[in-house]
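Following this are structure 1 and structure 2, which are two forms of one protein chain, each written alone as structure tokens.
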Structure 1
């Protein structure tokens, strides 16, 4: 087993300024690469490698090859074109000719690159006007007839920042490796694990990855599957997992109210529902009820595809708090979704004598004061709202349960800081986190390692799968005709305009233009418009009219992505779906197919589609399985985007890749359990990989 003593100062990482030649200016450049310590520098791994160990004949070069050539200059001329350049025609014994092109050169260079000079060059061969050429290759003039000295190992290519060159960072990393050999860098993984997985120790792994030998398997290195890379990925994943566990322990140290499941409110609530819960809903509701009866705060993630009935599970959790004389809070990321929850909870709970309060940005003045007072005194037993619930002036009499819907739209800090809303900070409320964005198992096991997970994997009876059609926008007239037919048959439709160039203003403008165009093309239809720049009350009014079937067609931006429930809507058109991620497309598609009538989603793309765009739309056409879509989304876009931009910090891995290294995760969980009794070792791992950015534990 690795040492259980506190790590040495060397192991935790000396400042990078301890290296010879690193002053304040260079340290600031390194900081832009998240390099603060010598250890950070050692963990700054190459993104790829160059083979400068052998000379390649010019005749053997292909476009795109990076290679070393040895050649003599046959002609050198300054050419005046759009850009003045120095062209050197070089040849070797292979009988082929190559052009070296320099846009930036001085008189000394021009004089040294003269016919007859012999060069050793490294660069990328590209097609040029007169055959292959290298633009600004690295070169060295050879004297006499002596043999060229070649590199004895592969040359690393590192991620850079402005003002940093490859040669500079290579020399710094060589200094850092010498520092590691002298000072030592503690191997924090247990020896038994390294032997079991046939993994090299830490110094060996790092030396190999920075200076691979000539015979290294470059394909394996590029794919990130070399044992040296796997060893580092395993340690990094373990550090992230331990950090989340630490956050969970911190939350649970405070304890939580024990909420007995009396059934006094939940039984009449279930009896009054116009439908029966599915087996999956009942299973998850029981898991939640069991958690609430423990003296530790529940930290449970409930996943369920669009329309699987998560809200009823949330209502049962809220009722269990109220049955025990405590309050429940339900938080959603948008006012549209929060208001819909408020309507549902009021409809379900007020007949049981429960007061439901409502708090959002648009609740102002005396109405706001009244709601805050009702929460403070405990008169409001269930409170529904947006992130306004986090605000400082918001206090609860005794908060027992917090439900967060679509939690990936909030930050980790917000979720964890909710414990402060417990009774004067002495207890932590139970937390139920819900999402209709299916999260791939690999992300659940890593990004949500502090949560227990439940999945509602069954849709209510009577739901019909949505048929998805992919069509080019050149056939827009046919799509408009399809909308007319659906609406004249008594159905309703959505027309979604997607994001344009990351600008909300342009997005709203696009929706306004689309609405005007559709009003001209379909004068017989009642058409409404919803976008992000409208006032909340105006949006809510349009949504209510659409739900009441006073509108036939709703033109909207992606604000309708979550929470809109109109069973009569059976057709959705999504313009430019190639601009959206798979998870978002799946969420949007979930707005239709909520009734018993066959529903359709038309993905109207703008040609030409990229390869990734074709893949994404193909997946949408093939499946309605949210988890399969989520796995593909992770593969195509990476974890940061899948989790949402507010959470990207959570998933900034240096070496690990959740798609590539998914097979390591079950072992990470097992290893984390084995290391539970070694807090000093856990802290050392977290510091090594997350440093001062230990974001999970900063609760």
Structure 2
């Protein structure tokens, strides 16, 4: 076993090609599993185990069991079914029989698998036409009276990539473990901690997880709750936490412009609003204003449910920059949302003599040149846009505040890149990040350990919660009738068509078809259609007409998810809501219930619903509390989906699981504080777990 105090700093980064027999081709395959170094290979843990240590009587097999059997062939026949196959009827001492089925076999195989032959098989028992069968089992013929040689440990099953077999990766990992015993792999967790938590040391944990003993608790291992797994999960969570903390420290080593809250612009702005701020808005606005007066860059996340009024808070932050002669940039993830912000900001700020610039992909040619120039010279004090603001051609005169709406749709990368744009010598802009998807506390603590958090936990007065109805699409006629009644009573309604596949074209087509059939069914109503493939001007025109109540019913794809604000719309129909995540449904539903009339949301599903689908729609019916919905979403779909980070690469854990290991998180914070004095250890942990993928390294 490796001694834990061996110097291994150099060894930890050893590439997989250090291992015997690993060349470039194999290294490339491993790279697809995010395995670059020998250490990565060692940390590639089995997803489950097989028990090849004992022989199971055929009579004791249940469908789905993976097991070793020892049996003799009673009959072997090649049959011509839908596919030609070799069927061997085998029987063991228990007297029970089972079929081995081979679709691919050669003459030699067929010859050796004949009646009387004795063999040892490993495979999964599945129900077949004549009782249980094993399809293409691994098998070994037993000669004479020779006894079977069984495994003495559980056999690991690893996540694979194309062109890689279990046997291949098993032998590679065995090599890697031998390498570890030779070279050592430093245990980065302090011994006191391991003692306190009764956790095994690193090499012991790794040997155990790759080759557990026969008596290992497989249920515990499958659940990921074995002390050896907990130990690794804890180390990984700690590494992530430390890297976020480091990012934050590095940002805060830079200075930021001190932005005094003079009130010169914010006061007239607030006076002109047709409402007064809620207590929650005021509290969060004050937290932001206080941060902006400090010479350190603000890093603040504002969470607030749909409709809680985050935009006003963002506007106040922007105004504080302008009051001090600096610029503010406001960025949103979709063109529609960005446009909505642009409309709001121009409407609010231009009367105060502030020029608001607008940049999105569709702003082209001369208009684009003009906007870019206004941003560069500082003529535009506030800039609103999409991710187009990240592009290289974009420069600011002097950026004081960056507001990012719906942050989780942008990667950390992008967030950092916009901040780079605002860098002025050693000075960074302040960052305000807003999200309408409430993020469960466990996630904020880990995914946003680099951010301070404010919560707008109150909706403006006069809103009535939306009533949600779940109904099968076989009752579509009743739903259409309901739309007619609502619209004839002077209300407006949305009809939302969801994504069928990952194809925008198909979704738009579905919306077109739905609009046509609704026009036929409801000739008395004024019906409009918006979808992602329409020209922006056309879209904007339809939206404007709906807002002005010139349309009764708006048929839309999920593009209306964010940004539309029509208080008179009090009914929303969502077709096939089972296709959407809870967070997205919650966002959509937030488009109604903005006025004082009672609003309804009809979730019109297509039967049959999966168990999870039923559960999800049930949650929507039961609650309108965004935080509860988010918690449930996390439980049902896992953190990757909830944060939308699959694509962005943020928060990908090898071993830890935020739901399963949630109880560790509070301790991680405590630990991180204790480790603050050990920068070398911190860096080693970050390197081990985030490796070259340490996206924070470049802050």
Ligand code: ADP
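Positions refer to the first chain, counted from 1. Take the two forms, superpose them, and find the largest set of C-alpha atoms that agree within 1.5 Å; that set is the rigid core. Keep in mind that this is a model prediction, so the values were computed, not measured.
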Sort out for me whether 1 or 2 is the form predicted on its own. 1
Do you see a C-alpha shift of 2 Å or more at residue 357 between structure 1 and structure 2, with the core held fixed? yes
2 Å or more on the CA of residue 487 between structure 1 and structure 2, with the rigid core superposed, yes or no? no
Core-superposed comparison between structure 1 and structure 2, residue 526 Cα displacement 2 Å or beyond: no
For residue 678, tell me the Cα shift between structure 1 and structure 2 once the rigid core is superposed, in Å to one decimal. 2.9
